[in-house]
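Quick setup: one chain, the form predicted on its own, written in structure tokens, and binding and motion questions come after.
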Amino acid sequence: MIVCVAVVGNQNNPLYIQSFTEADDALKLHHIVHCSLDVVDERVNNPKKSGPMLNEAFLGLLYPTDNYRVYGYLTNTKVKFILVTTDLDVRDADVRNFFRKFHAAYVDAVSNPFHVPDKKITSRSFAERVSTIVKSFGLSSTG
């Protein structure tokens, strides 16, 4: 089950964070997203350690915790997508598919002529589309 998704700008400023759990977990999930940025920066800035994954947008599993798994995705413009899930046996293909759909939704949201670049995404249609993508991820991972 996906518990949080985030879009973080190229200056590590949060553009969109949505948690899909109770309100008391929101702060903990924001902290997990913030900590994952260090792992993303390490992989991007140390290409010898990260190997051939540097050429790919999908960063894979950033780090596991006891209760969560954190995955990352980096766009060409250095915008980072973070996915936090409670599933311990998620296939990489499912996560890649999620990020592909999430990236398409992000591109549509920032292509809006009324959106100001590097500012928070406040589009209601983007939030609804993200919720739909998250729900479809839950259905496809159980099937």
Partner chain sequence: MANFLAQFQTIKNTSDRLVIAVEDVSDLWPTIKTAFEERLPFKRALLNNKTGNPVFVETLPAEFILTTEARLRSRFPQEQLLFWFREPYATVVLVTCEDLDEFKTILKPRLKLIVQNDDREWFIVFVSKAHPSNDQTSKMAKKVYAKLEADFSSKKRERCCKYDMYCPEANFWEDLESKITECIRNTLDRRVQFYDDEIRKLSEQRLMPVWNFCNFFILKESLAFMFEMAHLHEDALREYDELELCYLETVNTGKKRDFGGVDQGDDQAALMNPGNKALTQIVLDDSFREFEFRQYLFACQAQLLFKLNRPVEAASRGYLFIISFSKSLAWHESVLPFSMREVWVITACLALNDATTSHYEDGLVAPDVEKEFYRLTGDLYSLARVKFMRLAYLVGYGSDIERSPVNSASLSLLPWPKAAVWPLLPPDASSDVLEKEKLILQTTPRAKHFGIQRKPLPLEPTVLLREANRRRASLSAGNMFEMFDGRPGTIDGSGLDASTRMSSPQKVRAGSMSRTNSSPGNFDSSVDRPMRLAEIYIASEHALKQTISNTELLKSLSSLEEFEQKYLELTKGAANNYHRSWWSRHGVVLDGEIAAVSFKRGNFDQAAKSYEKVCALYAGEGWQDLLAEVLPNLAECQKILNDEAGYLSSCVRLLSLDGRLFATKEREAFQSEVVRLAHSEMKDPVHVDVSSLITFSGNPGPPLELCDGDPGTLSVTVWSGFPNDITLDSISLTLMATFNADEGIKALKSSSAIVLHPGPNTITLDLPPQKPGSYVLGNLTGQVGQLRLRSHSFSKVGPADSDDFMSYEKPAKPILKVSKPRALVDLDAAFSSALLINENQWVGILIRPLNYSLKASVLHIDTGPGLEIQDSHVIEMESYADPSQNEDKHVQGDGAQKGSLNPEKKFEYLNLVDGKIEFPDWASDISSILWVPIRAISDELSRASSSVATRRQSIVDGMRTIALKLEFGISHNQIFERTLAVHFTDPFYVTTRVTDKCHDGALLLQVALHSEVKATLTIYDAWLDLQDGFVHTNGGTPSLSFFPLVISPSSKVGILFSICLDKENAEGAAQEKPESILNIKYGISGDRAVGAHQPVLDESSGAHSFQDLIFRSAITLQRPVLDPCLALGFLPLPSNGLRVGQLITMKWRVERLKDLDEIEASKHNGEVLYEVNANSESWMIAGRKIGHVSLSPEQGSRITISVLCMPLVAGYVRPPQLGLPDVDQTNISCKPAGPHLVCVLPPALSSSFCIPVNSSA
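Given the structure is predicted, the values throughout are model-derived calculations rather than measurements. Residue numbers count along the first chain shown, from 1.
This next part talks about the form predicted together with the partner chain, which is not shown.
Student: Does at least one non-hydrogen atom of N97 fall within 4.5 angstroms of the partner chain in the model of the complex?
Tutor: Judged by the heavy-atom cut-off of 4.5 Å, N97 is well away from the partner chain in the model of the complex.
Student: Is Q11 close enough to touch the partner chain in the model of the complex, meaning at least one heavy atom pair within 4.5 Å?
Tutor: Yes, Q11 is a contact residue.
Student: Decide whether T86 counts as a contact residue for the partner chain in the model of the complex under a heavy atom distance cut-off of 4.5 Å.
Tutor: Result yes; T86 sits at the interface with the partner chain in the model of the complex.
Student: In the model of the complex, is there a heavy atom of the partner chain that lies within 4.5 Å of any heavy atom of E128, even though the partner is absent here?
Tutor: Result no; E128 lies far from the partner chain in the model of the complex.
Student: Could you pull out the residues of 110-127 that have any heavy atom within 4.5 Å of the partner chain in the model of the complex?
Tutor: Read in sequence order, the residues that approach the partner chain (within 4.5 Å, in the model of the complex) are D118, K119, K120.
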